[in-house]
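Shown below, as structure tokens, is a lone chain in the form predicted on its own; questions about how it binds or moves come after it.
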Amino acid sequence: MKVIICCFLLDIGCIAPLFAQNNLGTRLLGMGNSGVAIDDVWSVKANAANITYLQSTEASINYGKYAISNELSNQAFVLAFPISSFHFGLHLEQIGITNFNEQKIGIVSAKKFGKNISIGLGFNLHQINATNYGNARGYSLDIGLSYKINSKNTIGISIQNPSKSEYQLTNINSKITSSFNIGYCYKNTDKVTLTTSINKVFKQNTDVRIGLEYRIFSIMSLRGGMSVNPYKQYFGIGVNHSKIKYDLAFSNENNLGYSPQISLGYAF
């Protein structure tokens, strides 16, 4: 079974890097994977500029399974912390099976310019390990911009791998994802957060995503969302107890079924 999955991933142009690029954490997954304008510790991956709105050091770890196979999983860790007038972040991620997996390591830096504008930059190391195919390594840059119109409205822009960097010295048919993402977040009250984004991956169709978070109790939130291309449905739940955050989310694609993801976070 593992060999079949490995060959499948390779034959379709290596779907694994696409999964890895789209892992924005369990909270954002439950909101339609639309997080380019939301301030969250997983902004380290979604849009580094937004980590400037975090008030303290935060860390989170998540684990996800994919409906295509119980053997295919994704693990990730993110950390965001302030130092003086800058904010920094780190993310580590792995997706795949024993015979085929991708690792991604990234560091980000972000800074506010005035009260409304933040800019973030990220540097990533990508590596693919494929049994009988060899290994591949590559590097990429990310750029993020956040404009907080006021306390309720935020616009975010994220560009991943704008230089279209590729894996080096490899016979594996895979490329590092290049994408442009623009999004909007509206917070009506402390109870309601609405987010939407337009996501364009190079040489793929444009995707539109929307998400909603509603805090039903002081420590519990319900989430839902959808994406257009491919059409997916998302829902999730989050519990914040003291400084600990628990999140559970599911994505559903008609041809693949449900894929769960869970995370545990801590605000220091």
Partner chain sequence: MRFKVLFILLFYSFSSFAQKEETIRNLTENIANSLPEDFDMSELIEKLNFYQKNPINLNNTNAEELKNLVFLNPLQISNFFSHIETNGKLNDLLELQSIDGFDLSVIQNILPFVRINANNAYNNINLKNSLHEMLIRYGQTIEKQKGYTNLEERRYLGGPEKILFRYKYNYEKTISASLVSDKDAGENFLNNNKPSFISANVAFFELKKFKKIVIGDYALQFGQGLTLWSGFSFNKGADITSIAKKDIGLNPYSSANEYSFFRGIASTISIFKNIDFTPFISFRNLDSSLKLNLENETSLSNINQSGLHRTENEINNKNNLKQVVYGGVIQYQKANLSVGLVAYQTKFSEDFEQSTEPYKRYNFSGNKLLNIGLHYNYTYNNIYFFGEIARSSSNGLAYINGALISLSPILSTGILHRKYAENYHNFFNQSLAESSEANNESGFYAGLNINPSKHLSISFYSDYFRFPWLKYRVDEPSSGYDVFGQLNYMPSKTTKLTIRYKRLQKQQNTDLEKRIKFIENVENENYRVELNWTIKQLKLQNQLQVTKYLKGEAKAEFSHLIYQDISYVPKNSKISGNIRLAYFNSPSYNSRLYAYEDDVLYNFTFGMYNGKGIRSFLNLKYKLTKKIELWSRYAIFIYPNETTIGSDLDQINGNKKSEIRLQMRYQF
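If you're wondering where the values come from, they're calculated on a predicted model, not measured in any experiment. Numbering follows the first chain given and starts at 1.
From this point on, the text means the form predicted together with the partner chain, which you will not see here.
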**Complete:** Assert contact_stretch over 238-246, 60-68, 211-219, 38-46 against the partner chain in the predicted complex, heavy atom within 4.5 Å, equals 211-219
**Message:** Can you tell me whether residue 231 touches the partner chain? I mean in the predicted complex, with a 4.5 angstroms heavy atom cut-off.
**Reply:** yes
**Asked** residue 107 near the partner chain in the predicted complex, any heavy atom under 4.5 Å?
**Response** no
**Request:** Answer with yes or no whether residue 163 is in contact with the partner chain in the predicted complex, where contact means some heavy atom within 4.5 Å.
**Result:** no
**Request:** State yes or no: in the predicted complex, is some non-hydrogen atom of residue 85 no more than 4.5 angstroms from a non-hydrogen atom of the partner chain?
**Result:** no
**Request:** Let me know the one among 135, 168, 98, 188 whose heavy atoms come within 4.5 Å of the partner chain in the predicted complex, would you?
**Result:** 188
**Request:** Find the only residue in 194, 145, 182, 141 having a heavy atom within 4.5 Å of the partner chain in the predicted complex.
**Result:** 194
